[in-house]
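The chain below stands alone, shown as structure tokens; this is the form predicted on its own.
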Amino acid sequence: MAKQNKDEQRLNDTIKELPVIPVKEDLVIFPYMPPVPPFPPHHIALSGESVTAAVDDAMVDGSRLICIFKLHEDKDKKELKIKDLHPVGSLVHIIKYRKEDENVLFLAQGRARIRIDEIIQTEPFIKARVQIIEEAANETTVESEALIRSVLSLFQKIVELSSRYQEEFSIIAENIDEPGRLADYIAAALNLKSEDKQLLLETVPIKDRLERLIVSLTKELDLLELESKIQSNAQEVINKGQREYFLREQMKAIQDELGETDDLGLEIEEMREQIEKANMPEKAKAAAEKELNRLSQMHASSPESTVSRNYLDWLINLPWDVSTEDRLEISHAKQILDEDHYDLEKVKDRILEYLAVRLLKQDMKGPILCFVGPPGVGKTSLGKSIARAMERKFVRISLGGIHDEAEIRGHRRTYIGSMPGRIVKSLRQAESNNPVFMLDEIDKLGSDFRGDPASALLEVLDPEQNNTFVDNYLDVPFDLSKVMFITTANQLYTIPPALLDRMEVLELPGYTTNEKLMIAKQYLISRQLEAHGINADQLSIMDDAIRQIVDTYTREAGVRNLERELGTICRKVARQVAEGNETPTHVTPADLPDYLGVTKFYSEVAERQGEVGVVTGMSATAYGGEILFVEATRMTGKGKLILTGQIGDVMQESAQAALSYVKSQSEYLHIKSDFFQKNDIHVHVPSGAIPKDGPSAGITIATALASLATGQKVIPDVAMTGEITLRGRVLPIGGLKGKTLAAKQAGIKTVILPQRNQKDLAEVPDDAKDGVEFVSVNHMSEVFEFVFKSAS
């Protein structure tokens, strides 16, 4: 101890001005490292003219002392200042050195912590006036003793845990008495980052140095324990895998000796045979064989093996080369269609045309038919009839409310629980690659952040593309060109144009009263009798009663509600039979209130009288045609137009155009010049809770305004439809058949329609036109002349 103090005193006496080597390298030298194994002197390799000059100066001086300071990372040693260096450096003693050009390799030993007072030269090397940082005298306290013990304990655990540290490290540490030197020794021995070592070098107070060292030791110990755990787990997995491999090989050898085969191997061989029998396309077969090879290398209980099995199961069981033989007899198909559906001649003709072409050209691509019409007209059941006529399998998918693209294309196999889309699922269910495929309610598809199903259907419903349809789950193409796709919709405007362009639209408008009567007699009554366990001897319904049900208990384009009402009658009769009443029941119009209750609908036209400003119009909806009444009234004001009755934007614009036209014709209609300036006009369309839109009420609104302004009445049994322009031209509209059916049912005697819609009357059934006069017009003046002349 006395010798060490003398050495330090000699150093303090001799050290005044010394060469300084600033370094960027991860070089931090601690004082008092013993120059014995396992701690030989530091091997220091530096380069540069200033380094060589500094070492030469130290050797010429004879002191062999140089100062090593770390540079801040963002500083260059040109124009060096004290602030560019870390505040504390190391004084080292050169034991031996060797120069090679500008490179210097020397052995050095740390002697003390130092601080620069002043830089006195920078060329040819840096020289500074320095001072040694004295350490405080060692004072043994309970706290310092506890810190030393903690340091030694942690260091010993690190040495025991890591192969990087020799056992002598902990022995030397236990024999160091001074806490400061102990901290420096362990800090030098640890494999710490240079930043952490520099921080320990700059920590002069021994207590603070020990506390900081404990933090570094704890962190290093945690890292070593985690590293050891990872290595142990990895080794365990490797050992377990090797063990399982050897055991499986042994089991195979035993089973071979016994003439047995393991279940997985048997399953793989069975799948291999199924792949050969499935007659897959080349890409699908290659994907199946690749997946089968992966499965053969997996453990039977592995989760991945379950995923592979499911994938192979889908590939194998799809009807790649399985087709049903079409029955292409035109007479047979016509008989089936007539048995199942009344009328619908246009649709039936199109189906028979398809069968005729298919008979002549076997490789024709399937058409994409779209049945559009109100609910209950037989769109879905027509698809079933087509499948029955062709003796194909029938598959139906309801698209209403679907808003996830994966429902069509499937999920990719990267997701847990992924499955194919509905197209592939339905083909597997059909067990045929040429079924009649019905996509129901295609106009009710949704879209959100999960994708747009309508866009996914673009490929499915394109005969030029669907022969290479790829489901995300299968990830191999499947040929859909043999499938006959049929879609249904209530309305067309909600179907994206690109999707609508791929389909051939066939409209199924509503039925007339006579058609509903025939449908009820031929199909509905017999079906309901069978459904309720009674027969025609026990219940018969008069034709007049059926007509009255159609007119006063149902108001629809289809026959769904009509069948419900007939079912209600059958239930009540079934109860009577069950109670023992065997008397046959004959239902007449007078009996209907007893079975169905009070009348649900009545003819508004029959109850209305001609009123000023009230005109009957016609509209088409997704549920069939309807009549509507446009009412106009006035009140004292400043010419404001008020529109009510849930009127859409298009209908509002049509009302503005109608008002402008009527104003422009004030002189022709003999309207007072100040009528529109001194009155506010209110136009209302009753049934205000039902949204209404479209331009076809233009001439109806214009007639109502003209009636209000002139004070002339319009008789209620005249209905009209047509779009109006500012010049008074009457433009064509759509949905004439549905509108005509609604007008006929409401008791309308005269229908005013655009001249360009005259040709559409050919599609209206004769019984719907019976008793109705149709007046074709090109201009509003013709409308005014007819309605006001008729009312006078």
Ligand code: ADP
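Numbering starts at 1 and follows the sequence shown. As the structure is a computational prediction, the values presented were derived from the model and not from experiment.
Same protein, other form: the form predicted together with adenosine-5'-diphosphate (ADP), not shown, and the subject of what follows.
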property: Candidate stretches 307-315, 521-529, 649-657, 461-469, one within 4.5 Å of adenosine-5'-diphosphate (ADP) in the predicted bound form by heavy atom; result: 521-529
property: 4.5 Å heavy atom contact, K379 to adenosine-5'-diphosphate (ADP) in the predicted bound form; result: yes
property: Residue contact check: E563 to adenosine-5'-diphosphate (ADP) in the predicted bound form, 4.5 Å heavy atom; result: yes
property: adenosine-5'-diphosphate (ADP) contact in the predicted bound form: I386, any heavy atom under 4.5 Å; result: no
property: Heavy atom of P375 within 4.5 Å of adenosine-5'-diphosphate (ADP) in the predicted bound form; result: yes
property: Proximity to adenosine-5'-diphosphate (ADP) in the predicted bound form, single hit among F675, Y595, Y342, Y165 (heavy atom within 4.5 Å); result: Y342
property: Listed residue (L210, L539, V559, V714) with a non-hydrogen atom within 4.5 angstroms of adenosine-5'-diphosphate (ADP) in the predicted bound form; result: V559
